[in-house]
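Only one chain is given next, in structure tokens, and it is the form predicted alone.
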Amino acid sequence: MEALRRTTLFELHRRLGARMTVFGGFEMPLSYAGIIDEHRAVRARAGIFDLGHMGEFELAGAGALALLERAMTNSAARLEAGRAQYTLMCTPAGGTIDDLIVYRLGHARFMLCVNASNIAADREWLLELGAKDAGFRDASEETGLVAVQGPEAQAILQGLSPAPLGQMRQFAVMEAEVAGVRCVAARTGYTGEDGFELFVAAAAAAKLFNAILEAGAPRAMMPCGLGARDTLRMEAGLPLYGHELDRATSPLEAGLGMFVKLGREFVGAATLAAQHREGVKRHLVGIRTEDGRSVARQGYKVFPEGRETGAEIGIMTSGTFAPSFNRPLGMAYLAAAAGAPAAVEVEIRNRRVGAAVVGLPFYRRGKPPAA
């Protein structure tokens, strides 16, 4: 069995009293004060996350853009320097290899942030597509990533940086100094809130994390673990690889069609174009159990409402207690052949529980929770 990996902030997490968990081959903080408190801190104030388990690839030179255009569903050619975009890599059959963010740092200089569990697979896939001719470098081991998320994130970080962070638009990226540490600062995140992700040399990550934590203390910012990151992203309807996305699932099934720019020759384009024309066989929806208590977790089967017999029409991909709504919520794939039911039943511990089918996302920043 392969040994678990740790980020450079592991000892800091232990000093902060973190409960640890295993994710993507890494030993990572699940929570500190508690998932619900951390979740609510991000929604109301700010939270800081260690994301050093994520992977970072660099591309540079004349072949970099051509590789991205071939490998990604979104078109990096549309990116100006200093901008980033969400995108996906697909198999020729249209399944999702990974979802990621591409940052254009210069005319022919790019950085990719990929999921921790997919670092090796993504690296091999890109190398197969000719990444060596695109100045490819896997910088994952030497790069740390600290995220500050929430409505107070800008104020906290701006007080630590001479760079005009507050003027950055969503999905902007710039090289900056924060708390005396050189980093690549991006106005991106995975929580449904405003915030920043700071890419830094791994050896400097602890200095940066501690300085931000101290600066955020007067605003009641909290260190947050992967537990709150998961509840935050699910409320915001953001997919998690291994749950809503995998090699058997296309971006169109996951409702991510806006990040698939057809009319270009990229891997999987023909299959996705056919799905676009003919329709998908299943689609991602929000699920709200009607009793307000039952949690419909990943893998639970979904059935038509009011039928004691009959085949399942869907499967849960995520489900958890949603602190912003004070009730369980989840996501599921439903067969297109089932139509657009307003209500279904989920099999939870050998019993059927009624549930409403609702639109995604559950939560939008600036709008009161209504799920």
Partner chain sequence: MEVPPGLKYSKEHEWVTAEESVATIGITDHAQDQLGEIVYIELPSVGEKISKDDPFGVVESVKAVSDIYAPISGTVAEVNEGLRESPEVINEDPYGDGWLIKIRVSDSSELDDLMDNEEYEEMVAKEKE
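Numbering follows the first chain given and starts at 1. Only a predicted model underlies this, so the values are computations on that prediction, with no experimental measurement involved.
Note that the form predicted together with its partner chain isn't included here; everything after this is about it.
The candidate spot formed by 79, 107 and 171 is out of contact with its partner chain in the model of the complex: none of the three has a heavy atom within 4.5 Å.
In short, of 320 to 328, 337 to 345, 42 to 50, 57 to 65 it is 320 to 328 that has heavy atoms within 4.5 Å of its partner chain in the model of the complex. The closest heavy atom approach of residue 351 to its partner chain in the model of the complex falls within 4.5 Å. Taking non-hydrogen atoms only, residue 35 approaches its partner chain to within 4.5 angstroms in the model of the complex. Contact annotation: residue 300 falls within 4.5 Å of its partner chain in the model of the complex, judged by heavy atom distances. In the model of the complex, its partner chain lies farther than 4.5 Å from every heavy atom of residue 118. 293 is the sole member of 293, 182, 277, 132 with a non-hydrogen atom lying within 4.5 angstroms of its partner chain in the model of the complex. This chain is drawn without its partner chain; in the model of the complex, the residue among 74, 231, 96, 140 with a heavy atom within 4.5 Å of it is 231.
Taking its partner chain as positioned in the model of the complex, none of the residues of 86 to 100 brings a heavy atom within 4.5 Å of it.
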